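First, one chain by itself: the form predicted on its own, in C-alpha coordinates.
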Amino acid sequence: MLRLDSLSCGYGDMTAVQELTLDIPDGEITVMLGANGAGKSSTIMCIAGHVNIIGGRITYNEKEITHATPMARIKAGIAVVPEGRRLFPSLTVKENLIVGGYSQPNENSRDSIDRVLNLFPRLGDRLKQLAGSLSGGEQQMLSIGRALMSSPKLLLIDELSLGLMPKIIDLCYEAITELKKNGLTILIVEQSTQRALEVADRVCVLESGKEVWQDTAARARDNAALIDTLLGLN
(Lines give C-alpha, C1' and ligand atoms only; values in the text may rest on other atoms or scores of the structure.)
Protein backbone atom coordinates (compact mmCIF):
# COMPACT_ATOMS: atom_id res chain seq x y z
CA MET A 1 0.00 0.00 0.00
CA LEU A 2 2.79 2.42 0.89
CA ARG A 3 6.39 2.54 -0.32
CA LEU A 4 9.17 4.84 0.82
CA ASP A 5 12.00 5.02 -1.73
CA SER A 6 15.28 6.38 -0.30
CA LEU A 7 13.27 8.85 1.76
CA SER A 8 15.17 11.64 3.51
CA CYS A 9 13.38 14.28 5.56
CA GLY A 10 14.04 16.78 8.30
CA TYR A 11 13.69 20.23 9.78
CA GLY A 12 15.53 23.18 8.30
CA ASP A 13 19.17 22.19 7.91
CA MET A 14 18.77 19.07 10.07
CA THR A 15 18.20 15.70 8.38
CA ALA A 16 16.21 13.44 10.71
CA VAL A 17 15.76 10.45 8.37
CA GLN A 18 18.30 9.38 5.76
CA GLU A 19 17.49 7.37 2.63
CA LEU A 20 14.89 5.10 4.23
CA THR A 21 13.38 2.46 1.96
CA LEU A 22 10.33 0.69 3.39
CA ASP A 23 7.39 -1.27 2.00
CA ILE A 24 4.14 -1.36 4.01
CA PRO A 25 1.96 -4.17 2.59
CA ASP A 26 -1.79 -3.80 2.31
CA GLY A 27 -3.69 -5.18 5.31
CA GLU A 28 -0.61 -5.74 7.48
CA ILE A 29 0.80 -4.23 10.65
CA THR A 30 4.30 -2.79 10.35
CA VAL A 31 6.13 -1.74 13.50
CA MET A 32 8.98 0.78 13.50
CA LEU A 33 11.28 0.48 16.49
CA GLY A 34 14.10 2.67 17.74
CA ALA A 35 15.33 4.77 20.64
CA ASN A 36 14.53 8.45 21.14
CA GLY A 37 15.90 10.49 18.27
CA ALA A 38 16.06 7.54 15.88
CA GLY A 39 13.79 9.26 13.35
CA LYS A 40 10.63 7.27 13.92
CA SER A 41 8.26 10.17 14.56
CA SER A 42 9.82 12.18 11.74
CA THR A 43 9.07 9.31 9.37
CA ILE A 44 5.44 9.14 10.49
CA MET A 45 4.92 12.88 10.17
CA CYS A 46 6.69 12.96 6.80
CA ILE A 47 4.29 10.32 5.48
CA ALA A 48 1.42 12.46 6.79
CA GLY A 49 2.86 15.52 5.05
CA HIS A 50 3.98 17.54 8.08
CA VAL A 51 7.78 17.19 7.78
CA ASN A 52 9.81 18.47 4.83
CA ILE A 53 11.03 15.92 2.32
CA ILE A 54 14.69 16.39 1.40
CA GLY A 55 14.97 13.51 -1.05
CA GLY A 56 13.36 10.29 -2.18
CA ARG A 57 9.78 9.42 -2.98
CA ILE A 58 6.54 8.31 -1.29
CA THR A 59 4.13 6.10 -3.23
CA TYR A 60 0.67 5.30 -1.89
CA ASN A 61 -1.66 2.88 -3.68
CA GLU A 62 0.60 3.12 -6.75
CA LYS A 63 0.33 6.92 -6.87
CA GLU A 64 3.17 9.25 -5.95
CA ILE A 65 2.24 11.56 -3.06
CA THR A 66 5.73 12.92 -2.31
CA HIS A 67 4.59 16.53 -2.58
CA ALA A 68 0.88 16.10 -1.83
CA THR A 69 -0.62 18.35 0.86
CA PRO A 70 -1.60 16.91 4.25
CA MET A 71 -5.27 17.42 3.35
CA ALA A 72 -4.84 15.51 0.08
CA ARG A 73 -3.29 12.63 2.02
CA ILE A 74 -6.18 12.60 4.49
CA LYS A 75 -8.68 12.51 1.64
CA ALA A 76 -6.69 9.69 0.03
CA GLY A 77 -7.12 7.63 3.21
CA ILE A 78 -4.07 8.32 5.40
CA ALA A 79 -4.72 9.19 9.06
CA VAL A 80 -2.28 9.80 11.91
CA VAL A 81 -2.46 9.30 15.68
CA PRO A 82 0.23 11.76 16.82
CA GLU A 83 2.61 11.37 19.72
CA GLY A 84 1.14 13.03 22.78
CA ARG A 85 -2.43 12.56 21.42
CA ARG A 86 -2.87 16.30 20.65
CA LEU A 87 -6.57 16.33 21.43
CA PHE A 88 -8.64 19.47 21.84
CA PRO A 89 -8.87 19.49 25.66
CA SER A 90 -11.65 22.09 25.87
CA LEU A 91 -13.91 20.11 23.50
CA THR A 92 -15.95 17.10 24.54
CA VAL A 93 -15.16 13.55 23.51
CA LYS A 94 -17.94 13.67 20.92
CA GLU A 95 -16.76 17.02 19.55
CA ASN A 96 -13.20 15.68 19.17
CA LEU A 97 -14.58 12.74 17.21
CA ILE A 98 -16.64 15.01 14.98
CA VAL A 99 -13.56 17.13 14.26
CA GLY A 100 -11.73 13.95 13.20
CA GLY A 101 -14.37 13.30 10.57
CA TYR A 102 -14.34 16.75 9.01
CA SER A 103 -13.10 15.38 5.68
CA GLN A 104 -16.08 13.02 5.41
CA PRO A 105 -19.73 13.76 4.52
CA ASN A 106 -21.78 14.82 7.54
CA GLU A 107 -24.22 11.94 7.09
CA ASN A 108 -21.40 9.47 7.80
CA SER A 109 -20.64 10.95 11.22
CA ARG A 110 -23.09 8.90 13.27
CA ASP A 111 -21.99 5.57 11.78
CA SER A 112 -18.33 6.50 12.24
CA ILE A 113 -18.89 7.41 15.90
CA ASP A 114 -20.71 4.12 16.44
CA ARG A 115 -17.75 2.19 15.02
CA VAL A 116 -15.36 4.02 17.34
CA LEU A 117 -17.58 3.32 20.37
CA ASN A 118 -17.80 -0.36 19.44
CA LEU A 119 -14.02 -0.44 19.43
CA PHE A 120 -13.66 1.59 22.65
CA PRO A 121 -16.89 1.17 24.67
CA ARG A 122 -15.41 3.20 27.54
CA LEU A 123 -15.69 6.36 25.43
CA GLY A 124 -19.44 5.84 25.11
CA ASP A 125 -19.90 6.81 28.75
CA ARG A 126 -17.82 9.94 28.28
CA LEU A 127 -19.17 11.53 25.11
CA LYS A 128 -20.13 14.74 26.94
CA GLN A 129 -16.95 14.84 29.04
CA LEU A 130 -14.15 17.28 28.17
CA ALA A 131 -11.23 15.51 26.51
CA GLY A 132 -8.79 17.26 28.85
CA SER A 133 -10.38 15.57 31.86
CA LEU A 134 -9.87 12.01 30.56
CA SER A 135 -7.19 9.67 31.85
CA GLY A 136 -4.11 9.14 29.71
CA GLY A 137 -5.40 5.81 28.48
CA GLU A 138 -8.80 7.23 27.58
CA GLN A 139 -7.11 10.09 25.73
CA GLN A 140 -5.14 7.59 23.66
CA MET A 141 -8.34 5.72 22.83
CA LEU A 142 -9.93 9.00 21.80
CA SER A 143 -6.92 9.95 19.69
CA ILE A 144 -7.14 6.64 17.83
CA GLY A 145 -10.90 7.04 17.50
CA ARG A 146 -10.54 10.57 16.14
CA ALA A 147 -8.17 9.30 13.43
CA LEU A 148 -10.62 6.54 12.52
CA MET A 149 -13.37 9.09 11.94
CA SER A 150 -11.81 9.92 8.56
CA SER A 151 -12.37 6.30 7.44
CA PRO A 152 -8.68 5.73 6.66
CA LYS A 153 -7.13 2.92 4.66
CA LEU A 154 -3.71 3.51 6.26
CA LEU A 155 -3.41 4.36 9.96
CA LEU A 156 -0.15 5.83 11.30
CA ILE A 157 0.26 5.59 15.10
CA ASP A 158 3.12 7.42 16.80
CA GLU A 159 4.22 5.98 20.18
CA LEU A 160 1.12 3.89 20.87
CA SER A 161 2.06 2.75 24.39
CA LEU A 162 4.02 5.77 25.65
CA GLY A 163 3.04 6.63 29.23
CA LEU A 164 0.23 4.06 29.43
CA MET A 165 -0.44 1.40 32.06
CA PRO A 166 -0.01 -2.23 30.90
CA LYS A 167 -3.75 -2.94 31.02
CA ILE A 168 -4.49 0.05 28.76
CA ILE A 169 -1.68 -0.96 26.39
CA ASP A 170 -3.34 -4.36 26.08
CA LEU A 171 -6.71 -2.74 25.29
CA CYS A 172 -5.13 -0.56 22.62
CA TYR A 173 -3.36 -3.48 20.99
CA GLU A 174 -6.54 -5.54 21.08
CA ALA A 175 -8.21 -2.70 19.17
CA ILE A 176 -5.33 -2.61 16.68
CA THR A 177 -5.70 -6.34 16.08
CA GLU A 178 -9.43 -5.88 15.47
CA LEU A 179 -8.77 -3.06 13.00
CA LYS A 180 -6.37 -5.29 11.08
CA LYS A 181 -9.05 -8.00 10.89
CA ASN A 182 -11.28 -5.39 9.27
CA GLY A 183 -8.66 -4.77 6.57
CA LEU A 184 -6.92 -1.64 7.86
CA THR A 185 -3.21 -1.22 7.09
CA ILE A 186 -1.28 0.06 10.11
CA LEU A 187 2.17 1.52 10.79
CA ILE A 188 3.04 1.75 14.50
CA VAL A 189 6.00 3.61 15.97
CA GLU A 190 7.12 2.17 19.29
CA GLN A 191 9.90 2.27 21.86
CA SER A 192 8.49 -0.76 23.67
CA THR A 193 9.11 -3.91 21.66
CA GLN A 194 7.46 -6.94 23.26
CA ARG A 195 3.78 -6.10 22.80
CA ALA A 196 4.36 -4.61 19.36
CA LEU A 197 6.14 -7.71 18.09
CA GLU A 198 3.18 -9.86 19.15
CA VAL A 199 0.87 -8.18 16.63
CA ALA A 200 3.29 -7.09 13.90
CA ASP A 201 3.74 -8.64 10.47
CA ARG A 202 6.90 -6.67 9.63
CA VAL A 203 9.51 -4.78 11.63
CA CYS A 204 11.87 -1.94 10.80
CA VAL A 205 14.52 -0.74 13.26
CA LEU A 206 15.95 2.78 12.98
CA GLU A 207 19.06 4.25 14.56
CA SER A 208 20.14 7.88 14.12
CA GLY A 209 17.79 8.31 11.17
CA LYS A 210 18.98 5.22 9.31
CA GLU A 211 17.48 1.78 8.87
CA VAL A 212 19.66 -0.82 10.61
CA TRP A 213 17.39 -3.88 10.36
CA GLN A 214 14.22 -4.81 8.49
CA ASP A 215 12.46 -8.17 8.18
CA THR A 216 9.34 -10.10 9.12
CA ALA A 217 8.08 -9.94 12.70
CA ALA A 218 8.48 -13.72 12.93
CA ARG A 219 12.22 -13.34 12.36
CA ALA A 220 12.32 -10.47 14.86
CA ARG A 221 10.67 -12.67 17.48
CA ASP A 222 13.22 -15.42 16.73
CA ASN A 223 16.06 -12.88 17.07
CA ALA A 224 14.93 -11.00 20.17
CA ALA A 225 18.52 -10.64 21.43
CA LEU A 226 19.56 -9.06 18.12
CA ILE A 227 16.66 -6.59 18.25
CA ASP A 228 17.56 -5.68 21.85
CA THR A 229 21.16 -5.10 20.77
CA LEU A 230 20.07 -2.88 17.90
CA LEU A 231 17.90 -0.87 20.28
CA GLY A 232 20.74 -0.55 22.79
CA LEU A 233 18.98 -2.64 25.42
CA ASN A 234 21.89 -5.08 25.88
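Residues carry their position along the shown sequence, with the first being 1. In this text, all values refer to a predicted model and were calculated from it rather than measured experimentally.
There is another form of the same protein, the form predicted in complex with a small molecule; it is not shown, and what comes next is about it.
Legend entry - Non-hydrogen atom contact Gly49 with the small molecule in the predicted bound form at 4.5 angstroms: Answer no; every heavy atom of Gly49 is more than 4.5 Å from the small molecule in the predicted bound form.
Inset, instruction - Would you check, heavy atoms only and a 4.5 Å threshold, whether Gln191 touches the small molecule in the predicted bound form? - result: Answer yes; at least one heavy atom of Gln191 falls within 4.5 Å of the small molecule in the predicted bound form.
Inset, instruction - Would you please decide whether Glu138 lies within 4.5 angstroms of the small molecule in the predicted bound form, comparing each non-hydrogen atom pair? - result: Contact with the small molecule, no.
Inset, instruction - Find out whether any non-hydrogen atom of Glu95 is located within 4.5 angstroms of the small molecule in the predicted bound form, and reply yes or no. - result: No.
Inset, instruction - Heavy atom within 4.5 Å of the small molecule in the predicted bound form: which of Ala218, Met14, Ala225, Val212 fits that? Just give me the one. - result: So the residue touching the small molecule in the predicted bound form, by this definition, is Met14.
Legend entry - in the predicted bound form, the residue from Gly183, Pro166, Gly37, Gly55 that sits within 4.5 Å of the small molecule by heavy atoms: That would be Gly37.
Inset, instruction - Given that the partner is absent here, state which listed stretch (63-71, 169-177, 40-48, 22-30) has heavy atoms within 4.5 Å of the small molecule in the predicted bound form. - result: Result for this chain: 40-48.
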